[in-house]
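Just the one chain here, laid out as structure tokens, in the form predicted alone.
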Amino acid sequence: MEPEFIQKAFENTLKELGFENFVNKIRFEQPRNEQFGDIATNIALLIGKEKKENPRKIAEDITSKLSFDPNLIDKISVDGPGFINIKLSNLFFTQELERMFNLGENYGKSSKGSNRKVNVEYVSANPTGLLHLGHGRNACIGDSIANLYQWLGYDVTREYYFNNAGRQMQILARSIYARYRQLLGEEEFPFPEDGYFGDYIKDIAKEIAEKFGDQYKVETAENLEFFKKYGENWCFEKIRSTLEKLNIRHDLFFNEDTLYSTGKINEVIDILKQKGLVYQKDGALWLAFTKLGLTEDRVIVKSSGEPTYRLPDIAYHRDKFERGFDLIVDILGSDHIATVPDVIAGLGALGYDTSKVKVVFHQFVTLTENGEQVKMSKRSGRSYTLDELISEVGPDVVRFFFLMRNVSSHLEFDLGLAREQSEKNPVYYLQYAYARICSIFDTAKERGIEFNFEANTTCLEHPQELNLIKVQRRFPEVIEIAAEKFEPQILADYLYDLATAFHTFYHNCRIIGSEEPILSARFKLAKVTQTILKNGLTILGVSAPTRM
């Protein structure tokens, strides 16, 4: 993250040299080799290429004209074919420490999203069963993305699409009903071939049998509706309970039924008809996706009168647009990749700016232990549910492990590592760093050690002190990049770097036992680290315990 005064100096110099057209092309980065300094830019190479002039000569002209406060810069050099490298002074970094410290708990927050609304939809599991590990990854990714945008000042709505319409709900009802009849003594009562076979169906049926006896034994439309509603409520309460264990709560549960009851499905059909994009064929209603640039048309209403999932999905996202969101983020499993283009095309046909829709696809989760895949829970003897995984390793580990790999990468959840209560476990490593800092402050208080947070920090010169400040400075930029890329993993990786930098600093630089002004300066350095760790873990939904 380049300081503003450096950006301004380069802009003014380019204008002075007649390169004003390149001002918007200035980019800074951190050199891979620290020997080259703290900030580098290739702007001279870009100018040289376009102007067909010697880039090194251009770089030398730029550096000769740059005007900085000399107390903030140690060295400016031109290296290689024309890279400009800048080494910042110790004074600059200690001033940065003061700035970060003064921001306190607000460090890393931004007003970038002020007056902008973002909708993040995640989980959205059908109320037909318990949450599995894929749902868990979806939940943790979505919630952390929502947190990132909230941290950047956006007005965030966390949404769950409650899909209680369609054929799967009828299958749920018949599955529970079959188990119910079997519990009433009809062991041979046929179970639907496409039914839900999980043990939870037996649990629901048993609960109904114990509460109502054979009251619903006769197979009628009314009784099947009872089983459907009972099963829906039972499953959804389990889903909400599991999410609450992960500290995940939604602002809005959007019920798919409302798309039908309020006529929004028919509105979409009517608009698409007016645009000449809907036609009938083989008794079904088709949407002419080929007119929208896709390879084939699709059925949106079956000959039975039942809409395919594309139609309510288009109507649902139209509703999001009508609610005035500036950004619409969907968190979906990779099994949805093929269907999303159809929904996006449909929204575009309705006249909406589809660039506002960002779809984050996450890959699936595999449990492993000792390098081998684990399919069954030792506790229940069944396939792991998300609830069982939380019970086994704790919500903090579940959340962090689901987030610590790239969203688009297949995730191997290492149970052995997750159970570790040592620094091998990345969650423990981060929490231990936070707890260690808390312990330092507690020890100082117990020993009556006084330090002054108003003290000057210019005495900090040790390489590990300065390195820690450099890592601390990256925090706001990391939040922005993680949000823009929809990758909470970027923040998780950064926190690990921060914890490592602190542990290294702590082992090389005594805090308690050092003399003033070093004592107070190092306490201030520890305080900023503590704040960033707490803020970062909070964004990821992981607790920051004061003791381990």
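This structure is a prediction, so every number in the text was calculated from the model and none was measured. A residue's number is simply how far along the shown sequence it sits, counting from 1.
What comes next is about the form predicted in complex with the RNA, which does not appear here.
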Tell me, which of 230, 254, 289, 432 has a heavy atom within 4.5 angstroms of the RNA in the predicted complex? 432
Give me the residue from 249, 75, 167, 445 that has a heavy atom within 4.5 Å of the RNA in the predicted complex. 167
Of 151-159, 455-463, 337-345, 182-190, which is the one stretch near the RNA in the predicted complex, taking non-hydrogen atoms within 4.5 angstroms as near? 337-345
According to a 4.5 angstroms non-hydrogen atom cut-off, is residue 354 in contact with the RNA in the predicted complex? no
Would you check, heavy atoms only and a 4.5 Å threshold, whether residue 223 touches the RNA in the predicted complex? no
Does at least one non-hydrogen atom of residue 54 fall within 4.5 angstroms of the RNA in the predicted complex? no
According to a 4.5 angstroms non-hydrogen atom cut-off, is residue 219 in contact with the RNA in the predicted complex? no
Does the trio 298, 428 and 512 actually contact the RNA in the predicted complex, every residue with a heavy atom within 4.5 Å? yes
May I ask you to list the residues of 13-29 that have any heavy atom within 4.5 angstroms of the RNA in the predicted complex, in sequence order? 27, 28, 29
